[in-house]
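First come two forms of one protein chain, each written alone as structure tokens, so that there is a structure 1 and a structure 2.
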Structure 1
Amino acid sequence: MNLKTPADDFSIIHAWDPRARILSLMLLIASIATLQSINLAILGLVVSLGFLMVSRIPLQHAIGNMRWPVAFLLPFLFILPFSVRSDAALSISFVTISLRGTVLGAMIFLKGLAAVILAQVMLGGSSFTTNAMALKDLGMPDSLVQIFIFSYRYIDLLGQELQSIFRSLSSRGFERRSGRRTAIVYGNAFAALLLRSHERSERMLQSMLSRGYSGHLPHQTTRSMELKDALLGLMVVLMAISLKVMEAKV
């Protein structure tokens, strides 16, 4: 898994200091996610698409990552028009579509999409490890950052191990079916994976201790924040504040 998103070219987002990028874009995401106006939610989506263009992250890549959030947000878009009580926008026989519910569902959907796009811009500008180190610089506990980095480091490897466990089960005639038998086989497969990961963690600890590990991440020199990083961050924070000011005036 690679967090750094494929950009056509090196963009201003990729050159931006990760600390300023994470802090300011997180504020913008929070500002958009808590808007209570459909017009401002549309504006939020436009802003996030603007950031996506600036980041040069391919649109196809961004859309490909929206499967899960869209699956979660679609029920709001389709259920709220029928479940929220208000003046009817449309009545056909016994079915009443509420205007307030339609607007609420659309607003949640648009805000969700805008936030997902901005999250990809925020995290896609550098590797996962660089982002994690930026979080450490922003005050996240050292032990938690280490868990992030070590977990990420081993996900691909453990994924391959689980695939090999399931391949081995398939070669012995196991077929995935809905039922108790499959659940038991899954439980045993997951336990085997946990067992291997536990044994690997012990070897990993010995290896780390032999290289002087004392429970802390080695100090890494982070790049110094330049004026352009701070100015870019300030501009994004002002955008987040502006959205809230506009919301208060609506």
Structure 2
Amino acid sequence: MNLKTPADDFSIIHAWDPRARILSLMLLIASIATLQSINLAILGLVVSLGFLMVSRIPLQHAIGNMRWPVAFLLPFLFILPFSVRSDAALSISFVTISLRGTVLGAMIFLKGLAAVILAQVMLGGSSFTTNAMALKDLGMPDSLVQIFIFSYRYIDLLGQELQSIFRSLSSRGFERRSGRRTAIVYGNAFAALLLRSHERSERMLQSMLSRGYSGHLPHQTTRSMELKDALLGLMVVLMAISLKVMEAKV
């Protein structure tokens, strides 16, 4: 998922302290994900869309990031109406559509979509490294934070290396076909990628050690949380609590 946003789309979400933003929005996501009412699931989606508008993340950018999550959620919407049994059902010829399954599928889809949108708002307000360091300040183990940061960095590098290999193959006249030769070429390409990755990791480790890396991230001075950051976080927490209170009254 690409979480970078244009610099000129600065908003109150970007100015919000990442620690308060991550903690409060995670609580809101958990609140929406555990709702058991279709009406409140719709309300949760409306709330998430409101946060998306406030964050000023471009709509096209947000939709692009939601392609795979939506592809994962869509089967619930189309399978559950035919697989969940209930008394209230609509029969069309030999096909039976369960009302309970339809509601359940729609509820899962709406809650999942709301959670994905809020996750974009939560992580899109800062760089990946800033978010990772915020998680460290919130108590996440240093080793796990390093895994996140290094994985994010080197997955991108591996992608660049793979593109370089395929460009090299194309320049030599290679054409992808469904045959044994193509499979062999692809196998050799991925083997070369693994070898290059190992060599790069060795060079990077030596470079980090020469600069004083001792297995821990260097300490970074973080700004103190301001009153407005805490108030924004409190407002989001109250939203999460309000959804659960409304659910209890339904």
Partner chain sequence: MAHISDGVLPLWMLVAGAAITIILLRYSLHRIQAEEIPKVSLVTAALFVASLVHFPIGPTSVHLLMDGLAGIMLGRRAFAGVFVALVLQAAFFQHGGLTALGVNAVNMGLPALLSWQIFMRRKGFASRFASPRNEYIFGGIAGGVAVILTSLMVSAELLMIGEGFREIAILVLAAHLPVALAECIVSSAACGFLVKTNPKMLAGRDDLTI
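So that the term is clear: the rigid core is the largest set of C-alpha atoms that superpose within 1.5 Å between two forms. Residue numbering: sequential along structure 1, first residue numbered 1. All of these numbers come straight from a predicted model, not from anything done at the bench.
Would you indicate whether the form predicted on its own is structure 1 or structure 2?
-> The form predicted on its own is shown as structure 2.
Hinge residue among Tyr152, Val47, Thr182, Met26 (rigid parts rotating between the two structures) = The hinge between the moving rigid parts is marked by Tyr152.
When the larger rigid part is held fixed by a C-alpha fit, how many degrees does the smaller part turn between the two structures?
-> Value for the rigid-body rotation reads 20 degrees.
Once the two forms are fitted on their rigid core, how many angstrom does the CA of Leu194 move between the two structures?
-> Between its two positions, the C-alpha of Leu194 lies 2.8 Å apart after core fitting.
Displacement in Å of the C-alpha of Arg176 between the two structures, rigid core kept as reference = Here the C-alpha difference is 5.1 Å.
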